[in-house]
Each structure stands twice: as structure tokens, then as C-alpha cells.
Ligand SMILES: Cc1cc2nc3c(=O)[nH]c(=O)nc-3n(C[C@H](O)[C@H](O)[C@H](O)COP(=O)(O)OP(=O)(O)OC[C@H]3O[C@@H](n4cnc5c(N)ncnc54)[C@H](O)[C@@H]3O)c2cc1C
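In the block that follows, a single chain appears as C-alpha cells, in the form predicted alone.
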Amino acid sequence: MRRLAITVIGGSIAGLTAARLLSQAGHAVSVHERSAEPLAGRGAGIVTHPGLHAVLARCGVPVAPRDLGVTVAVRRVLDRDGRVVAERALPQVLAGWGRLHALLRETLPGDAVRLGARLVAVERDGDAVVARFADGGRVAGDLLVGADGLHSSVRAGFLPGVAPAYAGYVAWRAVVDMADLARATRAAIGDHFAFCLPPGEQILGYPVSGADADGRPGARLFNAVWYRPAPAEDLAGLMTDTGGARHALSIPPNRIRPEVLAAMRAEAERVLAPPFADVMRRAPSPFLQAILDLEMPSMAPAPGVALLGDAAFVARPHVGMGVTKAMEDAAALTDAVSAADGDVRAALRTFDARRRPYGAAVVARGRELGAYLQAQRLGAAERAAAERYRSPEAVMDGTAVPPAGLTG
């Protein structure tokens, strides 16, 4: 097989997975991450799926699925008063993003990821794809992999008119030390994948491992996500920070205005079940983000260029498959390159044909699950159709569960 020189843009989970698998296949791979700081401390909880475990095994990560995080056996829905109104068994492993990132990083040499490498252009030089960086660096290769996430510079360079679209609602995210929560809160939701469904809203939460990937009951964290409708005209106020600067899609926890934070906590007391209100009250650094989705016309937008993960398709978080999808993208690209015996053009045709329909199906599923949260943007018929995804049973059955018949 022809040995390729491959440039990976992005050192998050998608990029690390691609680097590991392509290196194992015999190619020379370099990874370039725009952040000057390691990414290991970023992110909160993720739901793992069989596809994620399969790709981790291919990467040679020596950790059993059950040891990735916290295993939760039961889902439950609470009403406004905190009573359990629905429950079902659904065992899943809930992992910390940082834990997964660290495990993948350990599979690569210490100098495999170049930090502070901000991409400014991708060019062709004969048969080579050339990445140019803000520090003057230049890397040429046979294949460039855009694994640089939601705000992908690679995607923007080739498809400038394709960008994530606002779905009409936001998410407040919170991570709280389980030991800081009230005893009644821990008893009600601390060992469950739990939900509460105020009219037109949704909050969910589940336990994840604590510091140093410690999953023992006394060391765990609780990860919560609260979805709230926010018309576009209200988004500007929510995303204006303490210094008056407007943020387009998300705002750092330490820059959220005190009055916005206070209003959120007051609303939590008013509409959420007491255990979830306790979580939002005690959360030290809630994080606010706009919910977006993105569907791509091609995952191979130019000769010698591939897009993976959120650089290609962004599904709403209800599907809970962003990390799994990104890792499966990386595996599919590796398989396509190997099958094509180094013929990059043929490999990218195969990769795009296999993964683009899958990405589109995941995005569509996210839109279905989140439709009732954007009711202010829907007509009467659409609102009625969306209500089928609002019942406690539908929420438990659909959230963070791969759609039936959808395989990567």
C-alpha cells in the first residue's frame, strides 16, 4: 500500500481518532490544533454507544467499556413536584469527554499534536494539499483531514456559504460535584439518567466520573443540560457578556452577566422539579450555548480534503451521538484509504458515499427530537407533529439512543 502524508487539522476526539487509525494503517500523520492549551480539560459528559466502543478497540485503548465512566441502568422522568412519572431500564455508560480525549491522546507519541497552530489557508500545489498556518508554518501532504469542529476553518475555506443554523433554543449546561447536592437530589436523580419536561422545555442530567476519572459514588459529578426556547431577537441579550461584547453562539461561564444568571436560577426554581432546581442553583459555572445544526453537501469538498465530525455534520445534542459519529467518521475514512490502496480521490468518493447519508440521518433525528422546543418557529401542523416527541416515554426512548435501523 502506498504510504500517504496526511495532515489532520484539529486535535479533539475526531482528530486524535483519525491520527491513531491512519498511523496504524501505515501512513505518516501530523496533527495541528489551533488552541495553545491542551484540550484534555474541556467538555462535560457524553453518552457512549456500541460504535464508539468498537472504534476505541480498533485504536488499541486498553480500557473496557464499563471502565470508561459511570454505568447508569435506569431512566426516569420527574414532574414539576419531583414525583417519578415514568421509568424504564436502559443501561448505558456515561463518560467524561476529558477521559476519552486523554485515552486517545495516550495512543499517540508525545510530539504528535502541534498546539497553537491556527490554520489560515488550504491550497493546492500540484498533487499536494498544503496547509498554511498563522505562524508562517507550511505543511504539504497527500490528504488533509478537517477535524476542526463546529467552527471549522477547513470547511469555511471550501464551502463559505455553509454554516451552522440556529434552531431557536438554547442550552444551559451545568456540572456539579455530587457531594455538593442535597441528599434528596442525589437520591432522586444521582444514579439515573433523569429528565424533567416543563411546558415547551426539557432538562436532563446524569452522573459522570469526577477528577482523575474517578467513577466511585463519592467522587462523581452530575452533568445537566437545560433546553429553553429563545427567539432570535432574544438571543442577542443572552449572548452579551459582562463587558458588553456580543457572542454569536456561546458565552464563557465567567462572562455571563449576573442578571442573566440570576434570571436563569429564578426560572429554575419556578419551573423545574426540585432536584433539577437544586442542580442549577448549586452549579458553580453554568455554560450557555445556542443549539445549532448543520448538514453538508459533501464530506470531501475538494480534491485531497475530507471533513469529519462536527466539521461536517452537527446534530442537535438530543441524539447524543456527536462523539460516536466523529469516531466512526475517522474509522470509515481509514477504511476507505486502505481499500483504495493510496488512491486518495477514490478513497474520498467511497468515504463521502458511505458517511454523508449517515450524517444526514443523525441530523434529521436531532431535528425530530428537538422540534417541540422550537415551537415558536413552527406552524400549527408542525407543532402537532412535534408533540409526539414530547411525552415522557418518547423522550426516554429517543434521547441519546441511536435511531432504529441507523448503523454507522
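Numbering starts at 1 and follows the sequence shown. Please read these numbers as outputs of a predicted model, since none were measured by experiment.
Not pictured, yet referred to below: the form predicted in complex with the named molecule.
Exactly one of the stretches 293 to 301, 275 to 283, 185 to 193, 111 to 119 approaches the named molecule in the predicted bound form with heavy atoms within 4.5 Å, and it is 111 to 119. Among residues of the shown chain, residue 309 is one whose heavy atoms approach the named molecule to within 4.5 Å in the predicted bound form.
Not displayed here, the named molecule is kept clear of residue 373 by more than 4.5 Å at the level of heavy atoms in the predicted bound form.
Contact check for residue 148: a heavy atom falls within 4.5 Å of the named molecule in the predicted bound form. Although the partner is absent here, residue 203 sits far enough away that none of its heavy atoms falls within 4.5 Å of the named molecule in the predicted bound form.
Of the listed positions (131, 326, 319, 337), a single one reaches within 4.5 angstroms of the named molecule by any non-hydrogen atom in the predicted bound form, namely 326. A heavy atom within 4.5 Å of the named molecule in the predicted bound form is found for one listed residue only; from 34, 49, 356, 365, this is 34. Using a 4.5 Å cut-off on any heavy atom, the residues of 1 to 31 that reach the named molecule in the predicted bound form are, in sequence order, 9, 10, 11, 12, 13, 14, 15.
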